[in-house]
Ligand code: SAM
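In structure tokens, one chain follows: the form predicted on its own.
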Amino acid sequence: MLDRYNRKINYLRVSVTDRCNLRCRYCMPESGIRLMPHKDILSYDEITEVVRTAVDMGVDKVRITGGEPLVRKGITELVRMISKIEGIKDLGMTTNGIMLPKYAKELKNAGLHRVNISLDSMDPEKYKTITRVGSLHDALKGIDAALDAGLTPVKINCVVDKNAMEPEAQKVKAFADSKGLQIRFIPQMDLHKGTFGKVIGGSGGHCASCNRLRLTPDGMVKPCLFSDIEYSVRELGAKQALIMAVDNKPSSGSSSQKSSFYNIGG
């Protein structure tokens, strides 16, 4: 698929839930959120149909996100369903890693290729402060579980305030290097204010070469993270929603008032 700026669209990010077991300060308010009603959230059959349609149209990279995707019941079954779709070259998941000791091997056996794991600090107290309820020990166990299961290459997502040379970021980099992990530094973003930057070590934030669409838990196809443009797969059908998202993908994002990171997957 080519959009009107001649960008090849071949990447679909699928947010399967707005729920999470952490409360990261840059993602979710401490008091929690008003959760989507279960009836509004796409079933696994519906998600698989959207992914299958997108693959038929040229998508070959799929990433499962949240919220935290591993809190959704039966997530390994969705991975299994998607992995059977011919044409997907890269099937990944973004996770905070906390639940990987339980699910890593199941995910690998179901057909997941690899994982990106969020890790913003190597200091247990700072990690707890950032996530409000998280344990660094549990996150590190999740990383080891991913490596043991062969969900490689394991990539680390490290959110930074301003740049990759910040002390906490460099400590995370040293850890990643010691474990043979790939690292991406993600500038802290604000959807509502429209502040974002280019990901160091990844392709995010590079508007001129953006190749992605996003599917929200309630079935909206969004062509841009920093835009309120969206098309319902339930109202339009998967193919038409995808076509309209590609046709109306903006050249660059500005801001989004409708979405939050916890329900669109970053």
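Just so it is clear, the structure is predicted and the values come from calculations on it, not from any experiment. One-based numbering along the sequence shown.
Omitted here: the form predicted together with this ligand. The next part is about that form.
**Q** At 4.5 Å between heavy atoms, is Gln188 in contact with this ligand in the predicted bound form?
**A** So Gln188 counts as contacting this ligand.
**Q** May I ask you to state whether Met220 is within 4.5 Å of this ligand in the predicted bound form, using heavy atom distances?
**A** Contact with this ligand, no.
**Q** Is Ser121 part of the interface with this ligand in the predicted bound form - any heavy atom within 4.5 Å?
**A** Looking in the predicted bound form, residue contacts with this ligand do not include Ser121, since no heavy atom lies within 4.5 Å.
**Q** Would you please decide whether Glu68 lies within 4.5 angstroms of this ligand in the predicted bound form, comparing each non-hydrogen atom pair?
**A** Taking the distances in the predicted bound form, the answer for Glu68 is yes, it comes within 4.5 Å of this ligand.
**Q** Taking the partner as it appears in the predicted bound form, which of 80-88, 141-149, 188-196, 103-111 has residues with heavy atoms within 4.5 Å of this ligand?
**A** Only one stretch passes the 4.5 Å heavy-atom test: 188-196.
**Q** Of Ile41, Cys210, Cys27, Ile47, which residue is found within 4.5 angstroms of this ligand in the predicted bound form when only non-hydrogen atoms are counted?
**A** Of the listed residues, the single hit is Cys27.
**Q** Would you kindly say which of Leu136, Met99, Ile183, Val159 lies with a heavy atom within 4.5 Å of this ligand in the predicted bound form?
**A** Of the candidates Leu136, Met99, Ile183, Val159, Val159 is the one lying within 4.5 Å of this ligand in the predicted bound form.
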